[in-house]
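Here we start with a single chain on its own, the form predicted alone, put down as structure tokens.
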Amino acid sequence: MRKDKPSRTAYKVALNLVTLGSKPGMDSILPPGTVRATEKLLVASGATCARTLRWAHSKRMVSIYESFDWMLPGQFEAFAHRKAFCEGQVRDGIGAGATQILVLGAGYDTLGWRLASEFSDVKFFEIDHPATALLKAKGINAMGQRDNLVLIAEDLGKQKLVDTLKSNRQWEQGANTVMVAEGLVMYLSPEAVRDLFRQCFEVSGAGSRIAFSYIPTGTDGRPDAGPWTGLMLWLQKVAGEPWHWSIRPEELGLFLEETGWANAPELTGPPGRHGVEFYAVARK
């Protein structure tokens, strides 16, 4: 990621969701209110304008996204399934006793803002790089801040997650927590991913879980994005947000065990690949 500017990927994912809102059938997959809240956030933060949103909503933009399925088969619709997966894990976690939610690399995600008013006795935390987080905070303030939503602007490449949360008076060390790492770990180095899971284990209590998406490793040892992997990896590198980490699904259990967690495939729903990603849940 370019450290001085808001994440391009976060912005593209948000616009993708807006376009998905105009695709027939997606309203039955996307969590209710997601598209409208995303639109409001993008405009209120200054990340985009109403004219761009109108274009994103157009049938032509839906067709453009669908035409790129040759490069990343199924990835367009997979963003809707990924949002549904993450929100489902948060709701299930709260139902199982979680009192804290932590969204890592939140970007322009609206889960915390939307659910904070519904679950007033649960604390929602978001952490992202200042370049993105401060812009988002501007939008959240304009939309209406929630008393139980805490936005943290921090570069976790410079400040450890453990130290960041311990210094926050509202964070309850050892509480049952749901952590969400949606579309994040592939951008981190292998060492950083391992360290992140270990730190998440340290700051959370019994019963906690991490819901995350990841890209599998191909036979050539690179992240596998399908038949056009080479082109996709090059495009990510040119955009300044390259993919670094991937793992074979059959190796995930051991990786999680080494960081203190247990793989919980029974919580993920139907197994298999969604677009270029797999979804997973680690449980403490």
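Not measured: the values here are computed from a predicted model. Residue positions are given as counts along the sequence shown, with the first one as 1.
We do not show the form predicted in complex with a small molecule, though everything after this point is about it.
Review point. Three residues, 87, 114 and 139; all within 4.5 Å of the small molecule in the predicted complex via heavy atoms?
Key: No: no residue has a heavy atom within 4.5 Å of the partner.
Practice item. Select, from the options 197-205, 94-102, 79-87, 143-151, the stretch whose residues sit within 4.5 angstroms of the small molecule in the predicted complex by heavy atom distance. Key: Contact criterion met by 79-87 only.
Review point. Heavy atoms within 4.5 Å of the small molecule in the predicted complex: does residue 123 have any?
Key: Close contact is absent here: in the predicted complex, residue 123 is far from the small molecule, nothing within 4.5 Å, heavy atoms only.
Exercise for review: Using a 4.5 Å heavy atom cut-off, state whether residue 276 contacts the small molecule in the predicted complex.
Suggested key: Contact with the small molecule, no.
Review point. Residue 15 near the small molecule in the predicted complex, any heavy atom under 4.5 Å?
Key: No, no contact at 4.5 Å.
Check your understanding: Would residue 267 show up as a contact with the small molecule in the predicted complex if we use heavy atoms at 4.5 Å?
Key -> Contact check for residue 267: no, nothing within 4.5 Å of the small molecule in the predicted complex.
**Study point:** Partner-contacting position among 156, 193, 135, 72 - heavy atom within 4.5 Å of the small molecule in the predicted complex
**Key:** Looking at the other structure, the residue within range turns out to be 156.
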